[in-house]
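Before any questions on how it binds or moves, here is one chain, the form predicted alone, in structure tokens.
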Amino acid sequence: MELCNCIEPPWPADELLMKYQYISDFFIALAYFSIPLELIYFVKKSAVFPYRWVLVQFGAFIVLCGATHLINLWTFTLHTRTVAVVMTSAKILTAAVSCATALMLVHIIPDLLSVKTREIFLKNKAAELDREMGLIRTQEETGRHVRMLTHEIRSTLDRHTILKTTLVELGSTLGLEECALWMPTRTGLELQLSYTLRHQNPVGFTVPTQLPVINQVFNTNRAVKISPSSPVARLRPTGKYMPGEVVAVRVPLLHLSDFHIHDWPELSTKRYALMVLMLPSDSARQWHVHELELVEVVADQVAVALSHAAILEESMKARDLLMEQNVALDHARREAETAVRARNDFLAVMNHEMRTPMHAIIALSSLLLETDLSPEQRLMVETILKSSNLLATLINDVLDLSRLEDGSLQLEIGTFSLHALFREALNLIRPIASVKKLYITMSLSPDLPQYAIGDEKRLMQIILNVVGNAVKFSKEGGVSVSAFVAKPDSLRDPRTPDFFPIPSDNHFYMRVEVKDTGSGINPQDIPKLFMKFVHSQPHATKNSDGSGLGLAICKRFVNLMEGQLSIESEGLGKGSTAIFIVKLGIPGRSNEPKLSFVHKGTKNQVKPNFSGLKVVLLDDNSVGRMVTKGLLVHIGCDVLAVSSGDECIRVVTHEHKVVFLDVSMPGVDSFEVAVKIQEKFSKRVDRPLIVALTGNNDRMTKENCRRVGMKGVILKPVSLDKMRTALSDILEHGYLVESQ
């Protein structure tokens, strides 16, 4: 086979085509040369670009490509060998630079991939931030809805309004198809359908609380998705539509039986209501987390609002009950005040009516004793007088006790001799003790002040009663009386926790102890001593003349003097000790008004003679007028007795030295009579001394007597000795030293 060594003839050049290639190479070369300029500008402007040397290589590669295309312009025509050499050199350099650039890309690609990874990471972070911002916006929206719902729910404290508002606001906020509230029955064994949103279901339908779905909800404080077919969720008509999702949440209720007015209510952990919320049927909508949180928060707010409403409801009931009790107490108070006034009025009337005949009995008995009587007759009259005095003492005790109990009795504060008071009290009791052959001793401490400020009369009554009881219940031996200033550390007694003495520079506490060798008393019977009309001493009712009021009254007097009274005894036959502490003022230091003090010395045993003394007696009661006149006539007075105030004013003259006025006369203002008598005489020396006769010895009567210028008060009944003493005092001092 012969080989053909022929050469294909050259393809004739198309001048137009060559011309286009020539123009294209020119513009390509121009474009290649412009790209490095742009790269140089970019590298210059970008100071943070990490791969400048790569750009330099890439720029060199482009420049060489441009030079190749530019040299290629001379190859379209006949050219010299030099052009061919230059063209070949340019292509070789271009190939070398392109290989170097390709090799460098092997090192650059991992870095480029890491940049891409960071880019993807940043994109993911940006997406996560977007989700968090969306969640924040959702939470803000949820919080706004919660605040709105809370404001609406708490805008009222009516439970029905709270629950109805909750359903309406939840339905509007969450776009619910139905919302219902199941409340527990009284037994707590069932839940009753109480409130619905759309009013499509009859209220009153019940389900047992032992259902698994109910226990599931009650066992957690979170909102729970439940089946649309559960008994508590069957609240919408069945149809061809797919039911929406349903959630349920528990609502804690306040256990009202644990509500106390003076304490916080106890929140029961076993009583809950059930709230059921349903999304629209045939909808692809599902419950979101923020919606469930909204439901849970609203359920808690409803529980708080219901607890406040329950507390308010119970508070209103308590207030109404308290108002009813206040009305009842006010009614009882008015009735008690009416009863006290009626009792006081009754006692005042009885006091006056009883003292009038007692005055006649005692006065006539005392007059009869000064006549010639046989021993038997004298014994009878003395018995009458003794019984009358006992009855008068009983009347005084009853009146004092009545005023003590209603608080109307007040102490009469004045300055008096404390030592003289004790001596006078014991001088009155010694005759009785001597008859029973008992000794009486008295010990007054040197630190006991000579004078004190207090109620002298009541203190005397306390001493006489306590010492008199000691003498009364002692058959042999005697009675010892000691008085001293109580030290501060000895004032507090654990047995009397209600006694709170307060030391002061202006006052002192006097402690008096009265010890006897009498019959004694059982310790368990001691409290009975201070009860009204009760005798606790053995054979008291047989051998004593008392009424059982003495110690009861004395204890109240001691309490008024900010002190205490107690009795101590080890038992029957072992005697007893009476201890009382009273608070007295120190003259010159106390804030009490400084009253005039008259020392009462020993009475003159010689009977005074009032012969020729002219007196006027005003008394509307004929018996009382006759008896009092008899007393005055017996002691030598020239008596003018009248029965009316006008007659008294008319007959009194400057020759009359004393005027006795009964200030308890009905229909007669004795105080006005006293004023007119004094106005009748312009000169003070011509005015008679006016003395009141009364059966009422209260503070008001004394103040009224002092106000109109009377010089003293004589308390009925009046004996002959009492009249002598009163008349002697008023003529000697110009006034009575104390009420007789």
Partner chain sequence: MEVNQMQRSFLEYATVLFREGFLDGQFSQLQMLQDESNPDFVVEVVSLFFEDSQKLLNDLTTTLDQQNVDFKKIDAHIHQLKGSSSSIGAQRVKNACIAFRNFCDQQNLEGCMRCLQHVKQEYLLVKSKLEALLRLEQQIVAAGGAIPVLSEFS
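Model, not experiment: these values are computed from the prediction. Residue numbers count along the first chain shown, from 1.
Omitted from view is the form predicted together with the partner chain, to which the following refers.
Enquirer: Which listed residue (463, 385, 273, 627) meets the criterion of a heavy atom within 4.5 Å of the partner chain in the predicted complex?
Expert: Looking at 463, 385, 273, 627 one by one, just 627 meets the 4.5 Å heavy-atom criterion.
Enquirer: Identify which of 612, 666, 571, 188 has a heavy atom within 4.5 Å of the partner chain in the predicted complex; exactly one of them does.
Expert: Selected residue: 666.
Enquirer: With the partner chain left out here, work out from 297-305, 225-233, 631-639, 431-439 which stretch has heavy atoms within 4.5 Å of it in the predicted complex.
Expert: Flagged stretch: 631-639.
Enquirer: State yes or no: in the predicted complex, is some non-hydrogen atom of residue 398 no more than 4.5 angstroms from a non-hydrogen atom of the partner chain?
Expert: Contact with the partner chain, no.
Enquirer: Going by a heavy atom distance of 4.5 Å, is residue 426 a contact of the partner chain in the predicted complex?
Expert: Contact check for residue 426: no, nothing within 4.5 Å of the partner chain in the predicted complex.
Enquirer: Look up in the predicted complex whether residue 622 has a non-hydrogen atom within 4.5 angstroms of the partner chain, and give yes or no.
Expert: Heavy-atom contact with the partner chain at 4.5 Å: present for residue 622.
Enquirer: Flag residue 730 as yes or no: does it have a non-hydrogen atom within 4.5 angstroms of any non-hydrogen atom of the partner chain in the predicted complex?
Expert: So residue 730 does not count as contacting the partner chain.
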